[in-house]
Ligand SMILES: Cc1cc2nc3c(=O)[nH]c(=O)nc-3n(C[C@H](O)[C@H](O)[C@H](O)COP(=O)(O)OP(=O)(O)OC[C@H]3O[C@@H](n4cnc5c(N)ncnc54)[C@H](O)[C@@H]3O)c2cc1C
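Just one chain is shown here, as structure tokens, and it is the form predicted on its own.
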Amino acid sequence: MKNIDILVAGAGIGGLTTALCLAAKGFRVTVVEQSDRITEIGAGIQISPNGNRVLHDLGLKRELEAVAFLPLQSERRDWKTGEVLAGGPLGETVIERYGFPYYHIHRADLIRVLGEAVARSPLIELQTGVRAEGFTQDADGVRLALQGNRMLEAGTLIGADGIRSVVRDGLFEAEAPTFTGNIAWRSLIPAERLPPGMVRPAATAWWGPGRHFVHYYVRGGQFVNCVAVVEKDGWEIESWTERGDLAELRADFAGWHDDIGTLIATMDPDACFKWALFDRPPMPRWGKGRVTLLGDACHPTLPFMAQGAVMAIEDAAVVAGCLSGIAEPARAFAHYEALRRERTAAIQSGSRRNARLFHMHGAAAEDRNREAAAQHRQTLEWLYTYDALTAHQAPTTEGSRQ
């Protein structure tokens, strides 16, 4: 299999990481991306030890440390009083326990690090400004149709092309993602504009009735990344570049702790964005034959466990391991799916559950607060101890499915 070219559709975090993991196994990879250049809008994301295990194995530790922020702890706070309801140490404690750090990083910085690594690899070809329109496959390979009557041929195809995946629609009956009833706001605030010490070096989430607010440092502490989620109907625009009205955000969090009011008051009105949150239910199957899916294309995940990007990074390592260890593509992809579906489905359902958990009020919120610390510790163990680099070695009952 090592001399068979692999096509990857999509050059986001999942697609670029997949190309790097495959190249590390000796595969020749072509990545196609509809955007003219590899850039990434958006704001901060959190990469936990289970994801950094893969990124460090790719030799990216030094580049990541240069652009990331290492939080010292995680916190869950009460929306009104600021009381810490749950949390725990990060920083060196996480490295000692799990072997790898917890990073806060701007999406654009991570994409740049991955893109530069792709450019250095002689086994990876990146084609930008190339829109995939469909594919066909047979016993000999896959043909990916591109805009402008172009065609690419390869041994296999991996669709890492997001929640509205063209590859997914070619594999299965088209199904529109579902609006979750939540909208999200995001903004980056220069740290120098905020009162000294107001934002601690932590991953902080404020829980409140019908909404929550998350903030943490990115770019080595130069900026504070803010994400606010509100239960709201009647607005279902999914674009990450849609500007929001800061007055609406201020009204959504009226009466919250003074720290939240200060953060909102410091935001740039011209750089405050909102988007509707969509997802899909877990898929019973991710691929057919020589074609499979990865990341948001098969398990789009709400941002309430900070694991969406990390699941795509894990996928990348597992699919590369499976293709390296199993010569027949259909069997390799079946093994990959069997290894990954249960974990990613649990992350999807856990993220939906957290959407309800974070937004509780009254007696239900009081019960949640009493149990939050113990549940938080159990979740971290399950998440962070996963080793995507060796997962492909595990047996499954589905590895021989064609």
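Everything numeric here is computed off the predicted structure, so don't read it as measured data. When you see a residue number, it is the position in the sequence shown, counting from 1.
Another form, the form predicted together with the ligand, is not on view; read the next lines as being about it.
- Annotated contacts: I6, L126 and A317 are all free of the ligand in the predicted complex [non-hydrogen atom within 4.5 angstroms].
- The ligand in the predicted complex is approached by V310, whose closest heavy atom lies within 4.5 angstroms of it.
- The shortest heavy atom separation between G82 and the ligand in the predicted complex exceeds 4.5 Å.
- Using a 4.5 angstroms limit between non-hydrogen atoms, L20 is distant from the ligand in the predicted complex.
- For the chain shown alone, E33 is a contact residue for the ligand in the predicted complex, at least one non-hydrogen atom being within 4.5 angstroms.
- Residue heavy atoms within 4.5 Å of the ligand in the predicted complex occur in exactly one stretch of 174-182, 91-99, 298-306, 284-292, and that stretch is 298-306.
- Only one of the listed residues (L157, L323, L114, A160) places a non-hydrogen atom within 4.5 angstroms of the ligand in the predicted complex, and that residue is A160.
- This chain is displayed alone, yet in the predicted complex one of A334, A355, I45, L55 has a heavy atom within 4.5 Å of the ligand; that residue is I45.
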